[in-house]
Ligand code: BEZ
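One chain follows as structure tokens, the form predicted alone.
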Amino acid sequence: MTHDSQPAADSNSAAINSADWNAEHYRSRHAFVFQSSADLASAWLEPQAGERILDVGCGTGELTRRIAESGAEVVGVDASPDMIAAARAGSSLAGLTFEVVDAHALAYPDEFDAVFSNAALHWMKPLDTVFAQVADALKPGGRLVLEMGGAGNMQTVIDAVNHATATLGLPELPHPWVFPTTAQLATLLESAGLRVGRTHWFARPTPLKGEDGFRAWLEGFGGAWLAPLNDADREAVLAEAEAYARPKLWTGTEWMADYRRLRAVAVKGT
């Protein structure tokens, strides 16, 4: 399976974005998502006091709060009510608000000096719609700073599930993400009226905590992916996929996921 082409619009994209997110599981098992990108919210975004900044796909709000500590006024949005509830519960800063909003339906015309997004955009098919909404939300000259899964991200996990369904005689399960190449991302951004100033694709081998780290990742992030399966088939796919991935991702002491990340900075034309 390749990620070299932009997938068509997915009628289930809104459901994939918002359904069945468990904020407690996310924080306890997948904190690396926001911990490993702390520099994106500082050195890449460079938030300034008095700026208005929108965090798209803010999750439980850890990086949103970090941005607000700069003195910027920050709005965090996410399609998951559970994530937003957790973000609000952890918020005590002035000038920081959280709202349940689907990124395909942002309604903030020319309102923000910057838009920030970490580890969320790869859930948001079709991306051209999202980037058009982001461009509308930015003031002229405003900037978008993002990190998302890039081409090749979690390819071994994807291969493992595909292997499992084929081995077990089950239908192939199309995964819910879009992992663009640098060129594809640049084309999407430019088409939305955002001038690309900087991109960076890189490998980030990522430990998955615990002997059950591979399974926990699939249960945490692949729930919608595996949802078409009944309980017995789902358990069989998890076991077969784990067996396939073990010689590739298990180091002998921990699971090491093959994360590939893509960052970009783009500016709205004046």
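Quick caveat: nothing in here was measured; it's all calculated off a predicted structure. A residue's number is simply how far along the shown sequence it sits, counting from 1.
Omitted here: the form predicted together with this ligand. The next part is about that form.
Asks: Could you tell me which stretch in 77 to 85, 107 to 115, 93 to 101, 121 to 129 has residues with non-hydrogen atoms within 4.5 Å of this ligand in the model of the complex?
Replies: The contacting stretch is 121 to 129.
Asks: At 4.5 angstroms, heavy atoms only, are G149, W217 and F221 all close to this ligand in the model of the complex?
Replies: Looking in the model of the complex, the three residues G149, W217 and F221 all sit within 4.5 Å of this ligand (heavy atoms).
Asks: Is there a heavy atom of Y259 lying 4.5 Å or less from a heavy atom of this ligand in the model of the complex?
Replies: Heavy-atom contact with this ligand at 4.5 Å: present for Y259.
Asks: Out of 163 to 177, which residues reach within 4.5 Å of this ligand in the model of the complex, heavy atoms considered?
Replies: Heavy-atom contacts within 4.5 Å come from W177 alone.
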